[in-house]
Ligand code: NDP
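Here we start with a single chain on its own, the form predicted on its own, put down as structure tokens.
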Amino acid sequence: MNKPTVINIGLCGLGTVGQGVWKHIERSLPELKARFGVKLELYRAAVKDPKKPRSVEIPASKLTTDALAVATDPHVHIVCELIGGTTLARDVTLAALKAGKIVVSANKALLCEHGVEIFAAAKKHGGHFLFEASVAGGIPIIKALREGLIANRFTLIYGILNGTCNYILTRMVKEGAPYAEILADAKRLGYAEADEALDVQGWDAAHKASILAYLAHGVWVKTDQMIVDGISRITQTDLKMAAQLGYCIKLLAVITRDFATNEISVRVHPTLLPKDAVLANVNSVFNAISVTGDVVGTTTYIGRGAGQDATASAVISDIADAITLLTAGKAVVACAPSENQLRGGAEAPKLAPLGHIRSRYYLRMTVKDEPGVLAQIATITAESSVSIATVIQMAAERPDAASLILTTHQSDERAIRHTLTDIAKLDCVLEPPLLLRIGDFQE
């Protein structure tokens, strides 16, 4: 191949991350030229408003409002899709790939919804799609799964993938403040969006879990095929009870595969982790991921999961891979493990039914403070074959009620759902029960 002497980079989107990418590349141009032997040019950036004040100074001649023009410009070698969303971002990505370009993206929602289409377009037209920044910000988990751990079959991957939820839970524990108060602070500080549902209801973590499941197992699991619960109903009672039981609560994404049955499950939910677990001690906006492979054992990755610099670091890492591809012809390791059969055989794994997804459970109920309540609940759990391990009763926030907290022995999602449905119908149960999973992970 003819080695280019200048590599032009086009940015589609110049928000917080885009400005970070521009700033750090511009600062490092001499070092990058010395390392790769070519000149890099920040060639063009597509923005909504060229006159908007920004933290980086960019010549007006390099700004445009036409993202598709950047994506298809024959002078642009690497297209950074930093728009967000799944509409224009999809159009830009597919247009660039159809032109045979390399696309670098931080867009987990786009990848989760349109990953099959994107990788098919890259393969058909000779383009490449790199997405290190789409999961866990500055933690190089994508490279770890597709390159460093390529010899492994992964039985368990679990992690803290949303810094907003981790920040809220950390402050709730440290300060004893209620969820709503900490959420308001998180919005004010920019850790949570104005519409916080994507973060606190678990959907952001679910998008990232979908990407990790694809990399580890070669199949796309959509969010509507997962168990997805958020943190909005967690109270100080739950945090204190977890501590009393020897746990802390973290919002986790959990991906498991049983190679004997060739079944996979992907779920996102608040989880009681033993206090001495590594991830139980990862706090504030940090992310952490534990990966268990059959060759390497368990490895753990911790770092900043969001923010301008952490995400820009991951984007620039992919840009460096793209430069190597353009200058040396070095192939980027295939993103689709289903194509190289290194993830457990020729057959793609199937989704585990609810009856095969097992855990221990924590169940909090607000009930009438009267005799016979526990007997009614115990009858229902017995009928669903859910075995109670511990029972704790304490005063509830409302004066006419009590909080009843149960933990269970090993059960499964189907049985516990039946239990919850029947308990919620009891006259003595005053609010919908809260269910949390207990993460005694076997690594």
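Note that residue numbering begins at 1 and tracks the sequence as displayed. Bear in mind that the values here come from a model prediction, so they are computed numbers and not experimental data.
This next part talks about the form predicted together with the named molecule, which is not shown.
- Though the partner is left out of this view, Val17 does reach within 4.5 Å of the named molecule in the predicted bound form, counting heavy atoms only.
- Residue contact check for Arg414: none of its heavy atoms lie within 4.5 Å of the named molecule in the predicted bound form.
- Looking at Val47, you'd find a heavy atom of it within 4.5 angstroms of the named molecule in the predicted bound form.
- The closest heavy atom approach of Ala209 to the named molecule in the predicted bound form falls outside 4.5 Å.
- Residues with any non-hydrogen atom within 4.5 angstroms of the named molecule in the predicted bound form fall in just one of 361-369, 189-197, 93-101, 225-233: 189-197.
- Checking Gly127, Pro140, Gly307, Gly303 for any heavy atom within 4.5 Å of the named molecule in the predicted bound form turns up a single hit: Gly307.
- Residue Ala106 is the only one of Val291, Ala106, Val266, Leu272 with a heavy atom lying within 4.5 Å of the named molecule in the predicted bound form.
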